[in-house]
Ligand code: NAI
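Starting off, we have a lone chain in the form predicted alone, written out as structure tokens.
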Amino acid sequence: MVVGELTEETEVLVVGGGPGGYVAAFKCADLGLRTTLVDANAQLGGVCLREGCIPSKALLHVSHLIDHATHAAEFGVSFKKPAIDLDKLRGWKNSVVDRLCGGINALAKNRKVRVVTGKATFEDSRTVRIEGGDVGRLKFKHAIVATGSVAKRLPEKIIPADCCIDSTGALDLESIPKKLAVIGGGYIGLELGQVYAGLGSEVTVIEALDNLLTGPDPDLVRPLERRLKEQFAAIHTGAMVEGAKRTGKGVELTYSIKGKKQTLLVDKVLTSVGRAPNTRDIGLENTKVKVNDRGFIEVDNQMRTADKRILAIGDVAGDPMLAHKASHEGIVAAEVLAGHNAVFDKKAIPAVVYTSPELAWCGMTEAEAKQAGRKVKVGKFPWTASGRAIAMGAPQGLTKIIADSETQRVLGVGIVGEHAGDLIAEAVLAIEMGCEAEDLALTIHPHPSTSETVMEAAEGVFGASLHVAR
């Protein structure tokens, strides 16, 4: 048989090797299901690992290191201006990605998950065609769609492709532009903006909405926004991008604020206007899978689609588009196929913006609780009263707890400050366990630590935090 026409059979087919797909495949294998994983890239890990979460955090670490070294002068320790070896920095970032991708491939081999490289397209509810691999077709008993998402692009007539780069292009780190415009004030735009600001670029953020970061409550965004205004050349909210064109001196960007047109000349434009589920051109129309008007696959709480043989997880299965949510859905899908009574039923999914300071939240925001008609009590603890935060020279922070006023149940938590992404896990557990604010207040936290701010904010729900003025 000619290579490319070979047909294989598998019990479970997983399409997509990102944090949802490979976790689903590994769990299926652990549960005794013969599993095949198909991904267009030979390196497993998906966009998150190869060109998203991991490389961006590697570069953010470098940016934060430079920032900390700069501010060390306030403590009496001065360093010379950093000399950036761009080739070495790029190589280090790539080595982080390669190490982790290699580890995932090794785990797949260890679990005897068959990995096929190529693009999978559904021919029907039992078969996929694979382009670019040594297997032409795969027949499956069940399939899990985990094809992730792609960066949205502004219309070509507004910003031509040759005038801008997306997050993937920004992480390639081809050069450090003197002036960079970032279109989009969401978490990706702000994180990459800090990366380039740390490396020496003059960064201007242009956001169409009136505020940065629409997810968390505004009082949690403010400490971060104050820091960003120190680092960035400018932040323009309520600004509508109207066009861009290349000139001999760079890219001329046109935008308007309250009807007043303005222009900005920069070396590069980074567009960061969200992501879209990757459900097009994979043959779902040849199955019974239903896709809604936003491009998401419709699933139930067991990750099943309208097609009894096909499940879907991760970014293609709906918001929030987060790697840890995809991974957990992958475990649920695998357990369902193994006959377990598993469901995806989470009260809190944490979200983290890995800027400096970090911003993390979970459960309901104060605004969401009030919109839902819930009567709440709110406890806040400013990091200016945290001994650990002050000792680190990082008092720009706030910990906030939203609790039901009648039951005292913790409904939501938000933290802005150093390593907020590490601190938020305690809050997620508290919400999942149905804790009351008093449970957090009575839990002894180590001193001095920023985790104490969770305890202090919980005490604040009752108006009893001892380290702030009443």
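Note that residue numbering begins at 1 and tracks the sequence as displayed. Given the structure is predicted, the values throughout are model-derived calculations rather than measurements.
The same protein has a further form, the form predicted together with the ligand, not shown here; the description that follows concerns it.
In the predicted complex, at least one heavy atom of residue 239 sits within 4.5 Å of the ligand. The ligand in the predicted complex comes within 4.5 Å of no heavy atom belonging to residue 358. Although the partner is absent here, residue 209 sits close enough that one of its heavy atoms falls within 4.5 Å of the ligand in the predicted complex. The ligand is not shown here, and in the predicted complex it never comes within 4.5 Å of any heavy atom of residue 220. When the ligand is considered in the predicted complex, only one residue from 344, 232, 296, 354 comes within 4.5 Å through any heavy atom, namely 354. Of the listed positions (392, 321, 336, 116), a single one reaches within 4.5 angstroms of the ligand by any non-hydrogen atom in the predicted complex, namely 321.
Of the candidate stretches 277-285, 99-107, 371-379, 188-196, only 188-196 has residues with heavy atoms within 4.5 Å of the ligand in the predicted complex.
Against the ligand in the predicted complex, the set 57, 154 and 273 is in full contact: each member has a heavy atom within 4.5 Å.
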